[in-house]
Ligand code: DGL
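Encoded as structure tokens, the following chain is the form predicted alone, with no partner shown.
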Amino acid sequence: MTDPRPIGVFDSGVGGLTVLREVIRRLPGESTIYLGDNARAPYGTRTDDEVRAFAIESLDALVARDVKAVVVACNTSTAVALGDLRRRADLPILGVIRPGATSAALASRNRRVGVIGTPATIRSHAYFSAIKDENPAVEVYEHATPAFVPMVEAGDLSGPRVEDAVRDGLAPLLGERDASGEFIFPLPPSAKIDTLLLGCTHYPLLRPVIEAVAGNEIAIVDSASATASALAELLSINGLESPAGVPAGHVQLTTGDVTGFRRIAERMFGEAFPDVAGVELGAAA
């Protein structure tokens, strides 16, 4: 059994494009519709009720476009609203937290994982619970980094200001560096993390800066690749794979500035996206 309909992917803005990129790479025969709610980003500083309402509007917009499955490519929406979304729509809905947590638990050698995310994601402790489900022996240190998403949404991915913001954001997990460049850890040496989980799909766009600040001794993990693999399995189990020979098409929708969205998409995918269009969600405009 096959299904040629597209896969729906949504996020609070451009961050979910990191997941979309992996989905297209992992499943080149599948069509996609991506929806970024840029006009109301970031979600991470909003109340749970707002996040839930916005996520439901994005889901409804994708369901109205007859998608066969939905990827919630937003950690905040996954943490706050995944259960509500699954109860609302009768189709497979995949979040990004569980795949990312599995990857982080497997990657850690000393069983100490740091998690950075939006205030709402960290407040939910969704990653803490998911990592503990994978391996109860893993120590999880969570920290909110609210400055990261606005930078990404503005297209600021490098430069001194970004480096300073990343350094400040990671300091509670990594510690400050001394004159020799070594970290002075605020946590006991036994609590030193060896894995840092990027608990927001915007954060991989800052990955080069994060890697430079964290250093070679810390593995950086994000959920994009793991989510794409989980999606492939989900489609196979449900008989929803696209039939062979049917050309894949990709559409991007944004509630925000189309030109700005297209600019970031082109930086990520290395090609033009002529099918970027504006859309309204509730009070998004």
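The structure displayed is predicted, hence computed values, not measured ones. The first residue of the shown sequence is 1; numbering continues from there.
Below: the form predicted in complex with the named molecule, not depicted.
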From the candidate stretches 211 to 219, 196 to 204, 161 to 169, 130 to 138, select the single one in contact with the named molecule in the predicted complex, where contact means a heavy atom within 4.5 Å. 196 to 204
If you check in the predicted complex, is Val115 within 4.5 Å of the named molecule, heavy atoms only? no
Classify Gly36 as contacting or not contacting the named molecule in the predicted complex by the rule of any non-hydrogen atom within 4.5 angstroms, answering yes or no. no
Does Val149 make contact with the named molecule in the predicted complex, using a 4.5 Å heavy atom cut-off? yes
Partner contact for Tyr43 in the predicted complex: the named molecule, 4.5 angstroms, heavy atom: yes
Taking heavy atoms and a 4.5 Å limit, what residues of 49 to 87 are near the named molecule in the predicted complex? Cys74, Asn75, Thr76
